[in-house]
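So this first bit is one chain, no partners, the form predicted alone, shown in structure tokens.
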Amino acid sequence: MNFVPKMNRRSFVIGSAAAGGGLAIGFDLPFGPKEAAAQTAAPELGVWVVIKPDDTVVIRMARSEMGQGTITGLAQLVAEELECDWSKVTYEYPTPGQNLARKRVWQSYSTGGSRGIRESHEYVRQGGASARMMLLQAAANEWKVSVEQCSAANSVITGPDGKRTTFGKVADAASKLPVPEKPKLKDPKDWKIAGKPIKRFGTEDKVTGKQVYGFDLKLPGMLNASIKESPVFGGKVKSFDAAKVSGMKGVKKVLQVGDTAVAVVADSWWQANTALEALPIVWDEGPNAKVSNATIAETLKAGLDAEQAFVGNQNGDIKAALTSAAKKVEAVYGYPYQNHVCMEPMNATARYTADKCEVWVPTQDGEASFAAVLAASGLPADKCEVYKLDLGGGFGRRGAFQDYVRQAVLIAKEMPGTPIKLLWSREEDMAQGRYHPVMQCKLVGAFDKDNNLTGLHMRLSGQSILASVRPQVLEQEKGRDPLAFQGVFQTGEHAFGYTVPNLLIDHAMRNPHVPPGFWRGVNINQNCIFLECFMDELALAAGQDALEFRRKLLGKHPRNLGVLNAVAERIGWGKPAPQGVHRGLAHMKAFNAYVAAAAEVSVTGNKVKVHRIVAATDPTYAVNPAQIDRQVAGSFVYGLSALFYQECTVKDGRMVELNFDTYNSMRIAQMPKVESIIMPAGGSGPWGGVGEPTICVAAPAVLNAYAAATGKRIRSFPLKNHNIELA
């Protein structure tokens, strides 16, 4: 999700870079060739493009890369409008400090909510187009011809009478020209680089081990830190005995971090963590030390029938529809806490002096990290900087939540001038998550005597992420969290996809002490299970085919219907399935994309074999189809692992599952065959996301297929709690 930190611009001394619109901007950073390391000799054309004399094109990217391919897709869009040679394209990250100094010319640094491409495609394309126009004008000036007589292709400019030059030769002159505003962009039907299945940047470095993540980072003179925070959320440090571990090998410092944590700094991380484990710490666990899964569930259960709730979608008269119904169907579903479990635990490396605070961090939002550095260091913005590294997984955990950055800076302040790499242990990473919100849902459907659906009430009871992260949004919404209604909202990018004459979808907000967070896909994950599994229950009660039942409600939702029909046709819905195989469907609008899935499963005893999932995605435009294929398959790994295995339980106010022995994931051999249908509608509508939407349809499609196979409807998760295993 997007998070833009509040920064005190008055404290920032805006240097000459802010006024140097057409000048070459050089960045001298202490680490990494990809962190805005363009040499001063390389001219800058606008803010997105740097072209070197050898025709190398450096595209600057504010968004973050965590394996989803956003950087490659954005570079394709810039290169498309630039008309450059793709084989000579590379990229770099401008720093958040430079962005602030130049009045946020690179705009949002947030990478979440599948917004990396869909919310920045227009202005990065304009950046490429403006740079092309500047190059053409520079060549035209040199040849003393009109710019209309010049054209660009593959980093070569061609003029009249066979004149030719390259981007690198005219880049310096071009950089001195004014930057055109709002240049005309290409029609997507004319794309040659964008829209193509181009290989992702950085794959070779990841395969060969050259890729440096925050986990790997080494700086001269660096020390390592391990940290432990109160295991009960809301607890504090009462006391600790530093003398017990201060003499251990490699240990340099034992210190309290804020009110809630204790850290050990040592020569190596293993030394630091070993000492931390041996350190006697007494916690003041506070008022939440008796909270458990059972007490949380009771709180949510009460919300299902509470009188007060926030309305997210309403039409008609649901009370009258339920009262006059010839038949009613009711079901209660529940969804647990879940952890992000990024393969790379939370980490940040900080170096602090009285004049400068620098942080190297894998972050989904460089500006949020920058804001955390400002707050923790106490220094003005012109004395702080953040250097982004590629992420070893994000899934929402490294976005709005910058607790690990704050901790790293606070530790570094105690040892000025020394780089300190803070790395959380796996146990700390899982104990201090920002978890997928816990939620229950009660659904009631009303039918008339002809088995037409006349009413639907969907009551959500559970946690609000925004109440924890952005309470100002709740103030604007008079207490309501609009994100709780993702996939079932009245309008917008997460709009409800059916037409029901009498409808009420509301949310009884219940906020336990466990901190919630944006977990890949966020609230569409449970909302799609609740809604799409209940739709199958309604179809069964009406004696109708699950697909035909949905089609009757989708007449005013052609793009929802389009993706649903696509997966149904590909899976062979309505035709006999192989012996012992059963099918299930699901669809939803999420992040302005329309997605659907159809699954084929077989059940033997307590083992479920998912043979095949067909997925359809309509994101309006497809920048890199190969990358979309990978994102769809990856999202299904995430969604099916959550469905079968993943749950974070609370006992004595703290998390129970602290490593992969108790928080499992599906294996490669269990992965079904995934067939991806990419069907971009095009047109002038808003672009849709691709990284998160499809995660939500995998689980309900499989659950509906399981119910078709067994006649049993599972309504609480994960399935391991019902002794159901993934074969």
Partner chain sequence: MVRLTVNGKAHDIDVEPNTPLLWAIRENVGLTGTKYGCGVAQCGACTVHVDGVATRSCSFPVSAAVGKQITTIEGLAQSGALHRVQRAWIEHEVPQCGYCQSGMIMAVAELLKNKPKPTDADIDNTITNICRCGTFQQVRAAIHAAAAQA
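Numbering follows the first chain given and starts at 1. All values derive from a computational prediction rather than experimental measurement.
Beyond the structure shown, there is the form predicted together with the partner chain, which is absent from this document and is the topic of what follows.
Chemist: So in the predicted complex, does M671 come within 4.5 Å of the partner chain, heavy atom to heavy atom?
Modeler: The answer is yes: M671 has a heavy atom within 4.5 Å of the partner chain.
Chemist: I'd like to know if W424 sits close to the partner chain in the predicted complex, meaning any non-hydrogen atom pair within 4.5 angstroms.
Modeler: Yes, contact at 4.5 Å.
Chemist: State yes or no: in the predicted complex, is some non-hydrogen atom of T491 no more than 4.5 angstroms from a non-hydrogen atom of the partner chain?
Modeler: No, T491 stays farther than 4.5 Å from the partner chain in the predicted complex.
Chemist: Any chance V500 has a heavy atom within 4.5 Å of the partner chain in the predicted complex?
Modeler: So V500 does not count as contacting the partner chain.
Chemist: Please identify the residue among F233, W269, W573, W86 with any heavy atom within 4.5 Å of the partner chain in the predicted complex.
Modeler: By the 4.5 Å heavy-atom cutoff, the listed residue in contact is W269.
Chemist: Counting non-hydrogen atoms within 4.5 angstroms of the partner chain in the predicted complex, say which of P345, P180, G303, G159 makes the cut.
Modeler: It is P345.
Chemist: Out of the stretches listed (199-207, 73-81, 120-128, 323-331), which one is close to the partner chain in the predicted complex, meaning heavy atoms within 4.5 Å?
Modeler: Going by heavy atoms within 4.5 Å, the stretch is 199-207.
Chemist: So which residues in 61-93, when you check the partner chain in the predicted complex, have a heavy atom no farther than 4.5 Å from it?
Modeler: Residues within 4.5 Å: M66, G67.
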